[in-house]
Ligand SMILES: Cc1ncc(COP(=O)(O)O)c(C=O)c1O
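One chain follows as structure tokens, the form predicted alone.
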């Protein structure tokens, strides 16, 4: 028998105990861990959190439709008709009448050639980039792009280049260098409203750069759909821009879960047979699809919802500025409040929650290194009193922000 020692091997679990996870454990012990907070009621202007009602400024339910009786009734009726799940992918037995009706409603609303509904918004971006960008192609991403775009780009067969956040000039230089000896095509992908800080893409300038260099443009309208632009059709529509591809989600303004892509019929048909996250995922459940369809209908019938959501955001933002907070740009329902240091932000987050306000907390790498951001957002069913109460608590805890 050999006397040699067995080879030394690593433990795949070893990475799980690191400085970051240790900090998270410490934050939990001090009640400063702001994630996986359990909510005990529907996502309205107030929610049951830690056993009591609090004003929620941390929801993407921008139009306030997740608790709307019409939307809930549509979901119940879909369950009665189609059952609770599709038990298969769209390719096989999972395409139901409710999917087709939703796709047609979105196509008409956005005046597009074709629409394809996905089970999640993440799958739209991830699947599109992984399927569409070939070996000779290149995708150009804003450095602040959503994780679904960044992740999808990493698994493409083509190459990836980032450009400086919201810099059309940087994009133009990247595209010019690429077009000098490119043999494939190029796709530029941007968020219209960036999810953590609420800043808007300079979409007119980005579209012009794409046009100059023959690049296709994908716009992620997840946080603008239902809120910005005519009939809530997003920032691109507000600016008169017609991107080649446009994606949106149902998990925000449309009170459900899932995502969609609109674009040329040929592209949609190609993705139906080549996009793996679409092909190998069970179809969106009937209740979610029907809820999204009804939420879209209500949003078109009741424009006051997007007007009120934006008005409440403007009131909250201006009040925070008056209180001396370092607040991010205006223009969306998202208000970012910049705090120096993660621990200071955690203490402010906890103080606000203890007194009855729930906000989100974003830390690096979701926001730039060296600071943290309290991310507040408004919904159509917030009242002026909700905003006034929230501002009073922000004022009471001004010193906590450092």
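All values derive from a computational prediction rather than experimental measurement. Numbering follows the first chain given and starts at 1.
Although it is not shown, the form predicted in complex with the named molecule is what the next lines describe.
Counting only non-hydrogen atoms, which stretch in 251-259, 151-159, 324-332, 197-205 is within 4.5 Å of the named molecule in the predicted bound form?
-> Of the options, only 251-259 has residues within 4.5 Å of the partner.
Any chance residue 163 has a heavy atom within 4.5 Å of the named molecule in the predicted bound form?
-> Output for residue 163 is no: heavy atoms all beyond 4.5 Å of the named molecule.
Heavy atom to heavy atom, is residue 296 within 4.5 Å of the named molecule in the predicted bound form?
-> Contact with the named molecule, no.
Would you check, heavy atoms only and a 4.5 Å threshold, whether residue 138 touches the named molecule in the predicted bound form?
-> It does not: once the named molecule is placed as it appears in the predicted bound form, residue 138 has no heavy atom within 4.5 Å of it.
Give a yes or no for residue 232: in the predicted bound form, does one of its heavy atoms lie within 4.5 Å of a heavy atom belonging to the named molecule?
-> No - in the predicted bound form, heavy atoms of residue 232 and the named molecule never come within 4.5 Å of each other.
Please state whether all three residues 312, 319 and 389 have a non-hydrogen atom within 4.5 angstroms of the named molecule in the predicted bound form.
-> Answer is no for this spot.
Select from the listed residues 188, 292, 283, 222 the one whose heavy atoms reach within 4.5 Å of the named molecule in the predicted bound form.
-> If I apply the 4.5 Å criterion carefully, the residue I get is 222.
Only one of 90, 174, 305, 146 comes within 4.5 Å of the named molecule in the predicted bound form by heavy atoms, so just point that one out.
-> Of the candidates 90, 174, 305, 146, 146 is the one lying within 4.5 Å of the named molecule in the predicted bound form.
Neighbours of the named molecule in the predicted bound form among 116-137 [non-hydrogen atom within 4.5 angstroms] = Result: 120, 121, 122, 125.
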